[in-house]
Structure formats: C-alpha cells, structure tokens
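Look below for two forms of one protein chain, each set out as structure tokens: first structure 1, then structure 2.
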Structure 1
C-alpha cells in the first residue's frame, strides 16, 4: 500500500524546522512528484489532518487525536497518575512515567515539582533511552540480541562528561540494573540531574513502562535515593497493575 505510506510520510515531514510547506516543498521533502504530493495533500486536507491557507500547508490539530488515541489505549497511565501524584507529594520530587519506543523514551505522564532540567519535559517528550534511567530499566526487559540491535542502531554521543558511551559498558550496566530491579542514572543526560527508575510490569510480567523520580544531584545522594525513594517507588509501580483494579488487559 504505497499510497498510505506516502501519505504518512508527508504527515511526518512537517517538523519544527518546517512548520509549513508549499506543495513543491512537500514533494521534495518526501521525494514525490508534484502531482502526487498535491493529491496526497488534498486528501489529507479533506480528511482534516492538514490545513491549507494560500499556498502554505500546515498540520491541523486534528492529528492530535491520533496521538492521544494511543495514550488512551494505555489505560494503566490514568491509573498511574494519582499514585504518581501521591508519590511526588511525599517525596517532594518530580515523578514521571514513560514508555520505550525503539531507542527513545517517550514521556506519557508527568507530575512536576520544581523545574530542574533545562529542557522542559512534558508528555510526548522523547529522550535517548540508553542515557535515561527509565530507558535502561525498560531495555533490561529485552533479550540480549535485541538490546545489542538497538545499541548498534543508535549513536552514543556523550550528552554530558558522565555519559557512558561504550556499548559493552552500557550493555553490562543494563543487565546489572535489570538484576537489581532499578536503575539510577547520574548526570548522563544533563549535568546536575539524578534519577531513579523502576519498571511498570503487568500481570504477564511484561514491562509496560517505567516510573521515575528525579532530583538535583546536590539535593539527594545516590544512597538516599536507594534507601528513601526506591521502596516507595517500587510500591507505587507495583500498585499500577494490582489485581484489585481489574482491567481488560489492554
């Protein structure tokens, strides 16, 4: 179904760098003939996913529906939110939930306290999985071959001086974190940022996501994280798929 692929490619071509495009620009961006690009944009416009004023095409808010349809299918997220709020209040730290997609961590729920990261994190934000605590926790649930495949498919440019960039080192770290049941990542994503994460596991033992608490390195030590944060974080994560709150296993 090449037409479908082309249409989605055009949708995906809109970007922060290219918020609006003319017909020709879109054709060039996705490598289509102008005639084809025009047909694609016309149907996307008719379906309401793209807006046209003048010669400029831009995304319509309509496509948010698609994205949030996904969030609404993950119904553990809305169960997690109140638990996360409680956790954040007790610990006085930001609490987030994320899922793994490829080599990215995608935030799906967030309870912020003070803003500690320079880039504002919100639902939908993507961060490199190998350098984030939630990413490592979720990667640990994959089999070894899969971990290596993803390791090899991503560039491990150091984001801070503390970033682990050695593939074997990362692999070992992921396995070790999986063994111990949690992951603490120190300043690998951004200086001064320290976070601890555990997996959100469903009844079948599959990792559906991860939960973390993040803080500033000057505020909490690694040991405090393990001794104070970890127990409650584990309890919270475990409650999400507690049999008490039965659900039709989405």
Structure 2
C-alpha cells in the first residue's frame, strides 16, 4: 500500500505548472529517491497512465478514467446539470458546481456564458476555497476546529487588493456566511469578478457540494445578487435532492 501511495503522489504532482517532468523533477516533487521514482514512473507508464517522450514524462489521456469514475458515482451532478442550464439561461450568467477538497474547491460541472475570468474554468479546475464563494459555503459545514486546521495549513497571500488574508477575519466570514445560508465573494478571487453561492445539501443535511452564479462587477451589484440571484440559486440547489414526487410541476 505504501507503493500505491507513492504512485498516487507522483500522479498528483503533474499539474498546470508541471505538465511534464523528468525523472529527477518527479523525485524531487514528491520527495522520493531517483530509484523509487524510476520504478513508479515505469509502472505508471506500463499501465498507460503516464507517457514518456525522451527524458520527459507526462500524464496520458487514460488518467481521465479515474476522474470520470468519480463523477459517475456522484448522481447529484448529473441531476444538477439540466437545472444549472435552466438557471444560467434565466439569469444570463455562468453557473458552476464544485466540491470541497482540502483547501481547494474542485469544479465538477459548469454552464458558462461570456467568459469573465482571466483563467479558463472547466471541470477539474481547482481554486482556493477560502477566497471563493463555493468554498466558503462548504467550509461553513465543518466544525470550528477543522476550519482552523485548514486555515493554518495554507498561506493566505492576497489574490487581489480585496482578498481577506486575516485568519480570524476569514473564520468569522465563513461562520457568518453559514448562518445566513449563502456567500458572496466580491473581487477577492479576481478583480471584476463577483459571485454568490449556496450549498447543495442532501436529505441528511450533509453538504455534498455547492452551486454559484458569477458575474462581472459592472453588470450586477451585491444587492441585485441577493435580491435576484439568491432566490433562484436556492431553489435550484434545493431541487437537486428533491424527491421526484415533490418536484414542482412545470
């Protein structure tokens, strides 16, 4: 099982900044010896999850099977997509769904309209949870000790001049957002970007993910997001786990 953990660590080391790595770079990235990294990469290449081109290694398309395997087990995502499309069409803004993984949110579904971020967002994109509306609404479902544990595990560097970087301030914002049932993040993640999110909660009260609507600050005010976006967003999120017999008739 230790070998499996090393293999997963190597796979996880490939990212946007490191789409390819040499043997030495892979070993350094996950703190392995060159000999161990060689064995791991050789096995991953044989299994088809990694490709080798000279001294460079990169992920192969087969790695997508692992990601799609997860998505296929999340029935709520399949149910959410048509609801998200309807919401996006009515509000004329991009709608996204994400899950919380550690200190990141991972996008699992997205219905885009006009592109408003400098970074292209797609399924699998990761963003810092503490500076995103979806991250904050999901973090609010954790107990206080766990929120602090995750806060203390990250460097809270400002992403924009509006980013909250004080740990106590972020903790208080997360708890306040949980109490009010939604989160608005205003130009903290990227200048010009304003988003509002609510949690996707199942029948047991567990937060399975989050939904958001995002817009440019020149199009929609914070008050408009609360008055116009929030009711529609809450209704859409509630419908995801609503029993078929209880769904409103069209």
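Residue numbers count along the first chain shown, from 1. A quick note: this is a predicted structure, and the numbers were derived from the prediction, not measured. Rigid core here is just the name for the largest C-alpha set that superposes within 1.5 Å across the two forms.
- One chain, two forms displayed separately, with the form predicted together with the DNA being the first of them, structure 1.
- The Cα position of residue 12 differs by 2 Å or more between the two structures after fitting on the rigid core.
- Comparing the forms between the two structures on their rigid core, the Cα displacement of residue 55 reaches 2 Å or more.
- In the core-superposed comparison between the two structures, the C-alpha atom of residue 40 has shifted by at least 2 angstroms.
- Superposed on the rigid core, the forms differ at residue 21: its CA is offset by 4.8 Å between the two structures.
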